[in-house]
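A single chain, nothing else alongside it, follows as structure tokens in the form predicted alone.
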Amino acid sequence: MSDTARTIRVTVWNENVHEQREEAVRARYPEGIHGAVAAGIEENLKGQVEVRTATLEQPEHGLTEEVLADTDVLTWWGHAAHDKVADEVVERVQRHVLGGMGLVVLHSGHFSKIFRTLMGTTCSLRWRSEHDRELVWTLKPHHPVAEGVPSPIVIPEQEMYGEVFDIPDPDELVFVSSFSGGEVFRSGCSFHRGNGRIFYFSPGDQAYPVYHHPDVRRVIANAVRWVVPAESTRDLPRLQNCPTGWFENADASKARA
């Protein structure tokens, strides 16, 4: 972020389906998964953020043009209702990411329409929900997303995600996880799309209290801070016509769309 004094405007999105259907999930996350994620961001980035939440059942899923234009970073959690997200909202979010809005995709958000659209792959993987222990190992200890977190992060119970994970090669692989069944997984990946930064972080499931884990919350907050756009204005990459002599004359304004 070029202006370190600028408040980071964060929208935490969650489909909020499991919490309404399942008492065990509601007890685990009484404020919803979105509430737990938002609380973790606020506690780790005190005074640096303004956080709002949005959910699937809201008009336009809470992601209107006005909301996205007023969002520096969008976090995304979904699982049971990926197909219920309207294509026009996905297209809108994609446009804002390409224009510079940061995106943090969490856990089963790997199968969301927006993540698959931005990756251009199936984003499929192996999985098992049998109370595995997860160890999250830091591969890039000096990366901003790894700041202040131990290696490994120990998560006593978690859903297993395993390779092969059908994503493009990450720009940077910050974390890799191992599980008690022997599987490994690329659990912390950074990407650039257009003018936007994306971070995918896999730990976190509705069946386990992972979003209350202090180190998981710290990683998510670090990721929010890392994907913040450098500029407050949002602009899509665009085709430019550069007449002969624009460079020699040191007049970039002569380059025209």
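Residue positions are given as counts along the sequence shown, with the first one as 1. We call the rigid core whatever largest set of C-alpha positions still superposes within 1.5 Å between the two forms. As the structure is a computational prediction, the values presented were derived from the model and not from experiment.
Quick note: we don't show the form predicted in complex with another copy of the chain, though the next part is all about it.
At a distance threshold of 4.5 angstroms between non-hydrogen atoms, residue 86 is out of contact with another copy of the chain in the predicted bound form. Residue contact check for residue 230: one or more of its heavy atoms lie within 4.5 Å of another copy of the chain in the predicted bound form.
Within this chain, residue 135 lines the site of another copy of the chain in the predicted bound form, having a heavy atom no more than 4.5 Å away.
Shown alone here, residue 164 lies within 4.5 Å of another copy of the chain in the predicted bound form, counting heavy atoms only. Taking another copy of the chain as it sits in the predicted bound form, the stretch 105 to 132 comes within 4.5 angstroms of it through a non-hydrogen atom at 111, 117, 118, 119, 120, 121, 122, 124, 125, 126, 127, 128, 130. Once both forms are fitted on their rigid core, the CA atom of residue 20 lies less than 2 Å apart between the shown form and the other one. After superposition on the rigid core, the Cα atom of residue 236 is displaced by less than 2 Å between the shown form and the other one.
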